[in-house]
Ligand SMILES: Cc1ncc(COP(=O)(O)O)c(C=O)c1O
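Consider the single chain below, provided in structure tokens and representing the form predicted on its own.
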């Protein structure tokens, strides 16, 4: 019992699911079990030396508060990367705003676009998925509608099943492709259909594309920023996965000028801007593709090791087209948490699909973040215990 008020939303949403996973890991580690952790998508790949050097070079004797709009050089580097990657011209001054990674931007976006009271009070998310989209909506006072991602539909939401009245009160629809946790990729036609609905009904599409550069096919995934009319589209991306820079906290939102203007009004209030020396490192990272290609190849090797072991053990991989994840069907008769607990007893940490939403039940997620050597060790353990 606290001696001060606590937000009822905080009480309702409960603990962040992966806090429970951390607690379980500590209990098993205390028994002397050596853990190989596939539970959380925090890359352990080395950040490229030239990025670290740019960070160090950006430190001066005195450093003032960073501006929420970001350095002009960083906005220009992001716009240039979008142009090279997607063939889309964006105005770095009017259509791009740097963010402190993408998590804070994902959480706070609903506060910018939800219209209360009596206006657009609904945020639509997909599940299984990143829980921060729903939590951000709840803290903004919005109602949340979850769209399930079913394997039978390629892990794409059935957006045409949403009735017009619901869309008319929707402020924001979140999509995430390449998808965490299923590894699915969305075709450009999906974004085009969603953009047409957004224009007709007046809601914003927020496309979380944090895994856009981690893919295994010959063709790079499409982006929502490629739709013909992107006036109702916000694209969020980050260097966390692309450049193994989770601890740096550097990402961006790219969108229509009126949205970016609203973000620029909002963000100074909450002080969410990367430090200038991080922004200098980000300029270097967005300007280089060689280190991204190297990381993609390492993930390909790790994917082959773990996927091969699981398949030889008789498990079915339901999704792994892109991202750093394997989405694996749980053998019959066990819940995802029971199966994950069984693996944890052998030192293999995975995320139960139920932690990522009710539609995730029946699957577990392997995040391919351990080293290649640890993946080899894990593959041997999996083949032995499954």
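Positions refer to the first chain, counted from 1. This one's a predicted model, so the numbers in the text were calculated from it and none came from an experiment.
The form predicted together with the ligand exists for this protein as well; it is not shown, and the discussion that follows is about that form.
The chain is drawn here without the ligand; in the predicted bound form, the stretch among 278 to 286, 298 to 306, 212 to 220, 98 to 106 whose residues come within 4.5 Å of it by any heavy atom is 98 to 106. Proximity of 134, 170 and 203 to the ligand in the predicted bound form is absent: no residue of the three has a non-hydrogen atom within 4.5 angstroms. In the predicted bound form, the ligand sits within 4.5 Å of a heavy atom belonging to residue 249. When contacts are judged by a 4.5 Å heavy atom cut-off, residue 355 does not count as touching the ligand in the predicted bound form.
Mapping the unseen interface onto this chain, residue 325 counts among the residues with a heavy atom inside 4.5 Å of the ligand in the predicted bound form. Heavy atoms of residue 130 reach within 4.5 Å of the ligand in the predicted bound form, making it an interface residue. Contact with the ligand in the predicted bound form, defined as a heavy atom within 4.5 Å, holds for exactly one of 176, 125, 232, 244, namely 176.
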